[in-house]
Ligand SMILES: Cc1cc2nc3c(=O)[nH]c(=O)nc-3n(C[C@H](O)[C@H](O)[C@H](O)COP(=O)(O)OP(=O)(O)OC[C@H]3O[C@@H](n4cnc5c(N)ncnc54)[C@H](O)[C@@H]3O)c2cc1C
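One chain follows as structure tokens, the form predicted on its own.
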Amino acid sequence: MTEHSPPAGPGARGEVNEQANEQVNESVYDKVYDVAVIGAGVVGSAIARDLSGHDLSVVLLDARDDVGDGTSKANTAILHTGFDAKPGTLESRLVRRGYELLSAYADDTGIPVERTGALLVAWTPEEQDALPGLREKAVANGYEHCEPVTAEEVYRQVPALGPGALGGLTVPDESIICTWTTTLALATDATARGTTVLLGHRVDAVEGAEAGTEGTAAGESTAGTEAAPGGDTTTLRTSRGSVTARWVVNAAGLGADALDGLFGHRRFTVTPRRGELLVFDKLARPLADRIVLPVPSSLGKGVLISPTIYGNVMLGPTAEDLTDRTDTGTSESGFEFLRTKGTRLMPTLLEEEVTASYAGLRAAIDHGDYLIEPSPEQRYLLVGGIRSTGLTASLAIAEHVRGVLAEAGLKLEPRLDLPEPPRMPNLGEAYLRPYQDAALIAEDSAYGRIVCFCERVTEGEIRDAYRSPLPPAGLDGLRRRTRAMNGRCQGFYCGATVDALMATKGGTCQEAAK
């Protein structure tokens, strides 16, 4: 395991990539790319980064206006050891491998990680009886550090737990990580390696040059023909122009089944599973200095309590299957469920102030493992069914995808001229932030001008976000890059200033005030 070192410096810098905004150069539509990766979440970005480390032209497309704006942004942000995965599955292998790869990559790029460890808590005799089996499963997955502990030890480690715990199982290497920075680092790295990033490009249809057939978006007529794009090239008809590539990788998350259908397949169905979470104020952090997990059941992993990389404490998620793939709203029933669960798990936590609540959608599928299947005759690869462990496994998935594509016929020649990985801005509370760095402030006073006082975000960080290779497309993107307006006031005090800085795309406060 690679230990994580504190990030250094203010963050990734570079010229603004106009492709990430609205001014897409028309020439990007004239080019024939070697590989098109659809889906700029953490998995798609990792795949684009990996492939662009070879002598290939790569384009990364996403329907949304920012990278990581789908399922990735609402991940529970745990760097998993894979101790509880089903042994022998592709997921278990890639999570274990991904843990090592992402740990090392975080060290290289400054993605904040805290090695908090985790504690599974048994609340019933049945759950207590399940603990030895979970330890055996961890060993079968190659992780041998789990240890059963008594109820007394459970309360010694987490004194704030509610009464009634019967025992536990430690997982010392489970960690928390910044999911936002991870996706952004991978996409930034891919961009530096030459990947063309086309955001706001929803794929509506695909055409195969040789096959001469066409698939259209789900719900539209296919005129009675079975779509069979592929051949030498596939043309992706998007909401903003057509993109042509020799190979296509489908990492579209919630839209992966619909896109798979455009290629003539009916392999699986994505069910959007909503997870609601409550975020408690930083004052609650001493109550939970490690991840507290329930014993998994047939219904899933259940509600956990976890510190966040930003200094808060998180309670959730719920698990509600929906039909609407855009419904990320919170609900009264979700709040009530979490309050009931939280009151039993850690009653003193429920006495703390809630800073925010949010909901994300997971791409649950009717398949028990990651679904990574090539269609060599179409020069097409499906990367579907990547659940929340995909954050941890992202780099291993990319590595696996590279091997699958090579076996399917894609020629891969490693490049020898790769740029260094980007050094990302630090969003982690445990490491030095710009407002705390006297030397940095002496060098550039913008890091001494705090804009968001709840999260201690400076004018310099907002400026850097807009000067980065993948600048934010809106307020949510700026929040994910800087933490601005994510504090307890939720922008009540800093909202006007942040709006003004956004209007000047990170100009100075003096410029914003004009």
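Sequential numbering from 1, following the sequence displayed. Bear in mind the structure is a predicted one, so any value in this text is a computation, not a measurement.
Unshown form predicted in complex with the named molecule; subsequent notes refer to it.
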Taking the pose of the named molecule in the predicted complex and superimposing the site C-alphas, would you call this form open or blocked (blocked if 3 or more ligand atoms are within 2.4 Å of a backbone or C-beta atom)?
blocked
To test your reading of this chain, name the stretch in 330-338, 150-158, 128-136, 353-361 whose heavy atoms come within 4.5 Å of the named molecule in the predicted complex.
353-361
Of the options Leu470, Val43, Ala36, Ile462, which one has a non-hydrogen atom that comes within 4.5 Å of the named molecule in the predicted complex?
Val43
Work out which of Thr81, Thr234, Thr195, Asn75 lies within 4.5 Å of the named molecule in the predicted complex, going by heavy atoms.
Asn75
Do Gly477 and the named molecule share at least one heavy atom pair within 4.5 Å in the predicted complex?
no
Non-hydrogen atom contact Gly487 with the named molecule in the predicted complex at 4.5 angstroms:
no
Taking the named molecule as it sits in the predicted complex, is Ile386 near enough to touch it, meaning that at least one heavy atom pair lies within 4.5 angstroms?
yes
Is there any non-hydrogen atom of Gly390 lying within 4.5 Å of the named molecule in the predicted complex?
yes
Non-hydrogen atom within 4.5 angstroms of the named molecule in the predicted complex for each of Arg64, Gly70 and Ala252
yes
